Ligand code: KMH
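Shown next as structure tokens: one chain only, the form predicted on its own.
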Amino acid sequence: MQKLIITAALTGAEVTREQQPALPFTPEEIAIAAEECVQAGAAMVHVHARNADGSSTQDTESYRKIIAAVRKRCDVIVQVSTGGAVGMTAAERIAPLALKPEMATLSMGSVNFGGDVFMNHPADMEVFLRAMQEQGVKPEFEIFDTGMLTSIKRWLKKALISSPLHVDFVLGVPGGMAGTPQALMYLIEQLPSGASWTVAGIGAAQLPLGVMAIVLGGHVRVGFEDNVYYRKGELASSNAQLVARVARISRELDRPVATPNEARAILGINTKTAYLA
């Protein structure tokens, strides 16, 4: 079984400091959180940018500052979001790809998101894909429901993408597929041959689905973007606390945790991208 890749989704676009006082906003805060997560066992950090007032932004300069601050503190795969926040335009969302990050998310369809709709028009999805390919960015295909895997298979058939792929099952979003063991098992069975996968359980689904991934050979995403609690009624003290728990469980199950360079090899990221400064 491959070593476990732990991704820390540090900030997200929607979580507030009222919900989680330890949420990192500024580039330096995000960089400190990233370093703590690497020390706890993370190989990748998934980042969203925020303005000084906490509002979400896809501004290229904001991401440039975040990536530079992270790189000063630690060697970690920095995965930028092209999801942005609900309501952003495709042009806004695609902007950080100009920085040539090692990896970026690519959402594979529209989904109800609580009281909102997260729109991903098929034409926009292909634009995002082509931009990632042109910039040498490894995509992580975000799957909120089963039809999105069907879209991946259609892209494979059309030769828009090629194996091996890496997907992230985001389970438990209100309006998306449930954060249950049954849902995860169904999705794993539908995966294209040779694909690797991560699971991001939302809220209370984060820990049980993460443990399942450890046992089943998948990878795990934790962090404040998806879950602000350590256990019911107890806020997590940091993103690193959530990472450390998964790393500890994985080691107890005799599955070693991947370093950033080991994760690059597993994901097919052969050389570290020279980020534009």
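These numbers were taken from a predicted model, which means no experiment stands behind them. The first residue of the shown sequence is 1; numbering continues from there.
We do not show the form predicted in complex with ligand KMH, though everything after this point is about it.
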Looking at G83, G179, P139, G109, which has any heavy atom no more than 4.5 Å from ligand KMH in the predicted complex?
G83
Between ligand KMH and E36, Y229 and R245, in the predicted complex, does every residue show a non-hydrogen atom at 4.5 Å or closer?
no
Among 74 to 82, 194 to 202, 180 to 188, 152 to 160, mark the stretch whose residues have heavy atoms within 4.5 Å of ligand KMH in the predicted complex.
74 to 82
Please tell me whether any heavy atom belonging to F118 falls inside 4.5 Å of a heavy atom of ligand KMH, as the geometry stands in the predicted complex.
yes
Just checking whether E14 would be counted as a contact of ligand KMH in the predicted complex - the rule being heavy atoms within 4.5 angstroms.
yes
Any of the heavy atoms of H46 lying within 4.5 Å of ligand KMH in the predicted complex?
yes
Using a 4.5 Å cut-off on heavy atoms, which residues of 98 to 117 contact ligand KMH in the predicted complex?
T105, S107, F113
